[in-house]
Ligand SMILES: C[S@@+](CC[C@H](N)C(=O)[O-])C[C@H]1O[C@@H](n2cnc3c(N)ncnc32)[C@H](O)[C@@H]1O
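The form predicted on its own is given below as one chain in structure tokens.
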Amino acid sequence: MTIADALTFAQTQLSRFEQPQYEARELVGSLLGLTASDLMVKEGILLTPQQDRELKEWLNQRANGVPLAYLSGVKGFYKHEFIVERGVLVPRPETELVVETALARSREKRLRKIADLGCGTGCIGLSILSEVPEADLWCLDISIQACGVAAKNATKLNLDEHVFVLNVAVERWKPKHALDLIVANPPYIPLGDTRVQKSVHLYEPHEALYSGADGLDALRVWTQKSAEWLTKGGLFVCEIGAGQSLQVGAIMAEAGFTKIETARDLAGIERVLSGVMTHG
């Protein structure tokens, strides 16, 4: 079949998803190594038998719930496209709010030292660093695979000279310098939460999703550590789960943060909390 036929076929197979046309373009383009505009220009070119087989296999995997980014190998986030691999959390659109909040609340502050806790692909920290390239960024993750992906993305964005990727648990890290900004997308889903999408539970890394009976185990530790590591006037920005804002706000206040603010995502859910460290 031609590329045009492949796009039509893929869109039909993916009709139950929210954006079948977009997903079809992403899959076929990634399979063939072509951009969206290339697909249009070359729509009459025939797929090889191997490409035809691979496309059908990818479509079968996607139909079974494998995240699109694990098949395409990339995911757009904020202003850039990030490399994604199986075993590493897929960046979400709502997480861009962490970047936006951090940049907005740091507008009057000179950022020199930034940390991204539980960095995954590095999408949060690297997106911020691309806006303040004079800063240095420490990316931490307990997953060695995530660290590898974050390092690849730092190189891809030509930021690697200012990025230090560390395969270490947050609670075991001992930074040598006080930090101006700490951002985090910690695991915040309670263990056994039945509302989690089946495909997310099946295919994405559980250590990046679940955190104790109430989902707040990591947040408690990461908030306390951030309070210890930040300079006076330093900012902590973290993503939270739906319905957790009051509890996390209390955790932040107890750790010594003030000027705590909540930001809602496009669905109206309180998604990001941020606070200033006024002690030190």
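Residue numbers here begin at 1 and follow the sequence given. Just so it is clear, the structure is predicted and the values come from calculations on it, not from any experiment.
The form predicted in complex with the named molecule exists for this protein as well; it is not shown, and the discussion that follows is about that form.
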Proximity to the named molecule in the predicted bound form, single hit among 157, 170, 129, 179 (heavy atom within 4.5 Å):
170
103, 142, 196, 74 - the one with a heavy atom within 4.5 Å of the named molecule in the predicted bound form:
142
Indicate whether the candidate residues 119, 186 and 208 are all in contact with the named molecule in the predicted bound form, with contact defined as any heavy atom within 4.5 Å.
yes
Can residue 137 be called a contact residue for the named molecule in the predicted bound form at 4.5 Å between heavy atoms?
no
My question is simply whether residue 70 lines the interface with the named molecule in the predicted bound form - judged by any non-hydrogen atom within 4.5 Å.
no
Using 4.5 Å between non-hydrogen atoms, is residue 124 touching the named molecule in the predicted bound form?
yes
Are any of the heavy atoms in residue 114 no more than 4.5 Å from a heavy atom of the named molecule in the predicted bound form?
no
Name the stretch: of 84-92, 106-114, 129-137, 148-156, exactly one has residues whose heavy atoms fall within 4.5 Å of the named molecule in the predicted bound form.
84-92
For a quick check, can you give me the residues of 240-254 that have a heavy atom within 4.5 Å of the named molecule in the predicted bound form?
none
